[in-house]
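One chain follows as structure tokens, the form predicted alone.
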Amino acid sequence: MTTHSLLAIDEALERVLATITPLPSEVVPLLAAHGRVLAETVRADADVPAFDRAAMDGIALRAADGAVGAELVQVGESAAGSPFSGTVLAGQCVRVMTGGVVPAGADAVVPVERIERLDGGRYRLLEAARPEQNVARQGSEVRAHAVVLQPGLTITGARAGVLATYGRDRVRVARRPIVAMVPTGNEIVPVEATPARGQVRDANRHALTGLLLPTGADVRQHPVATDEIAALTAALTLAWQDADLLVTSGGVSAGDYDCVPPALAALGATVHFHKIAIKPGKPLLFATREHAGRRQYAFGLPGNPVSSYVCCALFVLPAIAALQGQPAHWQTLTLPTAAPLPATGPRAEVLPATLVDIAGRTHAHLQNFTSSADLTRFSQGDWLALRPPHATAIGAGEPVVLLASPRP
């Protein structure tokens, strides 16, 4: 296969997403839903505010009585959770606390900083009251039955608070995708080991897991598999048995010891593509199989650390989003480049980038790295820049495309 016949990366992503069926949902307690993906439409069960609410500490009064210098008599107090039950009449006021119920008859709240307390439970206004001043009317934020959260949203702290606001102590969420992580290679040794000549530590496992965990995936670790078809097939059989998504690293190039493609074939997998027009990451493989009544997915990532990381970011992360019913296409951000960039070749290029300020404007500074094995230098970037194939050289200040979210 020549470089010119390689699958374009956007077409490769479309092929991945076309195969994916979202996972079933489940109901969990609200405290267990943080970071999960919402799988239902949530509607308000009541107005918010549920009553006319004071936005400041002060006195509630009729705005018609609120001229500068007017003196009003306090007839009660309305604290949060302990409302005043009467009605405010002409010349009267009620002491009210932030969040308290604005009593009937009152249509303004003058803050404590703008009133003078007198003897005999009286107050003098230091500024005029305006109708609706510091009053949040019932339903002014959200009306009962209005949609407040849509399926596909990640349940953040704020959204968990919204769910609690509307009485949702249990919530329906997408099932967490089970991801089986299987590094491959005879040269891989544990992180704590001292590599012999020709060996490398198991770095890909940790780099990829760091990418996957923030997605909500249930990442399950499996031992490093050796570069021998029978042994690799046995290892993948075990790892893929219960996993929705199998992620391997290494063993997908064209060498004598690249055994992932035949091992997947032995497990009944259909390869949808193998090798794409990207630098780094050309050997990427994507496959699916039907097993035990459900569809399973597999990504064979390249073994070089930067290639593996890039392919995981560009393809595995969108796949996990799609499995949970979330938008899965790359979100991009265009910024001016801080320095000139050379022309690209026939493959799309991915480079690490940082954001820098130049003359008060944010620019993208693309980092150089020596090779697809140079994870150390690659890690100095916080963003991924994506340059198209056959792009012409550009000067400083010209636009460059970044993936819209910084890397976890």
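For every residue, the number given is its place in the sequence shown, counted from 1. Note that the coordinates shown come from a computational prediction; the quantities given were computed from them, not determined experimentally.
Omitted here: the form predicted in complex with a small molecule. The next part is about that form.
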Find the only residue in Gly250, Pro280, Pro177, Pro103 having a heavy atom within 4.5 Å of the small molecule in the predicted complex.
-> Gly250
Assert contact residue (the small molecule, in the predicted complex, non-hydrogen atom within 4.5 Å, options Arg201, His145, Arg130, Arg295) equals Arg201
Flag Ile188 as yes or no: does it have a non-hydrogen atom within 4.5 angstroms of any non-hydrogen atom of the small molecule in the predicted complex?
-> yes
Any of the heavy atoms of Gln92 lying within 4.5 Å of the small molecule in the predicted complex?
-> no
Do Asn304 and the small molecule share at least one heavy atom pair within 4.5 Å in the predicted complex?
-> yes
Partner proximity in the predicted complex: Asp107 to the small molecule, non-hydrogen atom cutoff 4.5 Å | no
Of 179-187, 230-238, 83-91, 112-120, which is the one stretch near the small molecule in the predicted complex, taking non-hydrogen atoms within 4.5 angstroms as near?
-> 179-187
